[in-house]
Structures are given as C-alpha cells and as structure tokens.
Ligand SMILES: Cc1cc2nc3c(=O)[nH]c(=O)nc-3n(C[C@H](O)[C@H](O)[C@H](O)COP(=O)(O)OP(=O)(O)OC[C@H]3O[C@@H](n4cnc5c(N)ncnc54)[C@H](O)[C@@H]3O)c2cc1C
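Here we start with a single chain on its own, the form predicted on its own, put down as structure tokens.
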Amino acid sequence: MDLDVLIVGAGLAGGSLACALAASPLRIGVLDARPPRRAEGWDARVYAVSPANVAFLEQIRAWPHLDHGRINRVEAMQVFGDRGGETRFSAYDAGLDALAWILEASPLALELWETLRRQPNITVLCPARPSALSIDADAATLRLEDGRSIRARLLVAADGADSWVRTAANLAVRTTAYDELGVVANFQCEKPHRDTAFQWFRDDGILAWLPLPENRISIVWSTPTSHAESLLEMPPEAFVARVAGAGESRLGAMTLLTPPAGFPLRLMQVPQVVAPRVALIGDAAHAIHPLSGHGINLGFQDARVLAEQLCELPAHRDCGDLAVLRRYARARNEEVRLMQGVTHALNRLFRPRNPILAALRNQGMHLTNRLPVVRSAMVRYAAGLI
C-alpha cells in the first residue's frame, strides 16, 4: 500500500491531525492497535482544552458533534499556595468566554475516530501493529505484524509517550521522572462549583479540582509516589474524606463517582522531533507535568501546525521532505520548551519545604493577584491567544 502520510496512533493528537488533513489531496492512513472505547459512566481522565484548541476542534468539525451536556466551561480559577498565597484568574477580566473547557477523554477520542473514518481520503488500518521500519530517500516503509507492508512519504508518530515509531527511527529522548503519580477520580459535590476550577499547592503535592456539569468535579492530585499509593489503597470513604479535606471542603459533602486511578508523571524532552520521512506529535514528541493542564493542548497545536504546513504545500513538493518537517519543528519548538520549562520550574519551586522559599513563592502569588494586567496576560497566553 502506498500513501502520502501514515499516522501511527489514532488518539487525540493523531486523530485530530487526520481530521485536519481530510480536505487535502493527500492520501492518508491511520494505524492503531485498537479503536477508542467509551468509558463507563464518567471518564476519570479529563482534559482542560484551551480556547485556541476549541477553535481548532471546531475547524475540523469535531467540537459541534460532542455532547455538550458533558462539557463544562471554566469561568474562573483560584490557586492557593502552601503558606497562604492566593491568585485568582477570571475569563471575564481577560475578555474571554472561558479560560478552558473541561471534557472527558473518551468521548472526544471517539468523535475524532468517527470523523476520520468518514473521510474519503483516509484509510483506517485497525487493528494493526507495526513490527519493522525502514527509511530510504523516497519513503518510510512500515511492516506490520500481519505481514502487510505500507509505504508512505511521511510517517507521523502519534503513538504516545512510549512511542514505537520514535524508537524505531532512533530519535533520542531525555526523561526526568518526578517520582510522582497523578491520582484521578470524579466526584458529585453538595455545593455548586460555579464553573470555577481550584488548585492547591500543598506539602503533599498539587491538587486540582476541575468542574464538570451538574456539581460534578474531576480531580488530579499530583503527589509523591508513596503518598499516591496510600491514597489508592484507601477505602472509598477514607479517600473521599482525604480529598475533601485537602480541598478545604469548599464544595461540601462529596460522593465518589469513579474509583481512583494513578499514572506516573515525567518530563520527557525530545531534542529532534523530526527526521528524514518522520515527524513526532503529541506525547510522542513531549511530556510535561499536568499542573498547567497543557499536555493535550500542546498535542493539538502540533497537529494544527503540521496539518497547515502540509496543506499549504504545492502539489510538486514532497510532504516528507526534511526541509518541510524542519519548518514544523521550528514552529513548535518555542511553545513546547516554554511550557516544559515553566511547569518543571513550578513543580520544583513548590517541592522544597524550605520556609524562606515558601514565603517567597507565596508572596509572588499575592503580588500576581494584585496586578490585573499581569494576570490577564498570563490567562491569554495560556488560552493560546497571544
């Protein structure tokens, strides 16, 4: 089989790239081991999608088809330090409709999957797994476990942080383990959250409460592995009490909707995200600490930028030409490095228990709260509007 672009991985980054290329004359292939599945009840894995990426999802016709009864906008965010520091961000003050939209991972993945399957220029290869990769001057050839061979001018790795394609293409990766887990779960709350997200920088990690419809919230507690394991081992009632207490019982009594789960946190830097005939996007290209909620937003912007550059190519240009791919890499380098640096620095800033450092970082939060121009600029940058 001969293709122009073969995308390995049909998750959020890979699926959005395929949808963004649907109107192009390129012959697209999407390969994955299994189709996405809807979680039972409320999916404990949620994302905070920025306004810029909502616009991208609207552009590729995925956003309008989502169940908006399961999506909640964030109109405000309150951030609390570990020694009394506090900062508040407001969509209204920044001139935005919302700071972000909170939505579940699985419905979005399913919508992207159904959207790309309807496109006439896309061939879906699922279930399928790669077994060998060879690259020559004209194409990348991927051999599958079932014996099939696919030849593509451009191979896109969207197959996650443990990317098979990245390894097969000999692209180096630098990983910094945080010795932390992100503990996630969903709750029904007694009091309304009023479309507000909360975040606490605590001695035992960083706890975020993200608003879901009808007084529900999803939590992400980024915490040292030993503490995370103790949380995951707790009986449900004890876990609920611990989460409510850590959040100062701001939303009253809480009921657990989904059992807690944990996933390891790491900083992953890939010095070269392109190679001859290969480009990396999403978690295959970078991983950051979840405290800023920017992981999937970076992946969507990877997909948007790469799709725009491929769609703008003249018919005679080779979409896998390294010069083309280097333009994509340069376009994405600044934002990815900035967000990785900021989130890593914040994680390191709030980990030490030094009282002098604690006073300085909390004073910084107070100062930010007193400077509305600075707050507004920070919000608009995070929203992808600067």
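Numbers follow the displayed sequence, beginning with 1. All values derive from a computational prediction rather than experimental measurement.
The same protein has a further form, the form predicted together with the named molecule, not shown here; the description that follows concerns it.
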Revision key, fill the gap. In the predicted complex, the residue from G81, G160, P107, P260 with a non-hydrogen atom within 4.5 Å of the named molecule is G160
Check your understanding: Of I28, L57, V46, L325, which one comes within 4.5 Å of the named molecule in the predicted complex, counting heavy atoms only?
Key -> V46
Check your understanding: Any of the heavy atoms of L12 lying within 4.5 Å of the named molecule in the predicted complex?
Key -> yes
Practice item. Mark R34 yes when one of its heavy atoms lies within 4.5 Å of a heavy atom of the named molecule in the predicted complex, and no otherwise. Key: yes
Exercise for review: Spell out, yes or no, whether the shortest heavy atom distance between E180 and the named molecule in the predicted complex is within 4.5 Å.
Suggested key: no
Check your understanding: Might P290 be said to contact the named molecule in the predicted complex, defining contact as any heavy atom within 4.5 Å?
Key -> yes
Review point. Of the listed stretches (230-238, 122-130, 195-203, 70-78), which one has a non-hydrogen atom within 4.5 Å of the named molecule in the predicted complex?
Key: 122-130
Practice item. Using the arrangement in the predicted complex, list in sequence order the residues of 308-322 with any heavy atom within 4.5 angstroms of the named molecule. Key: none
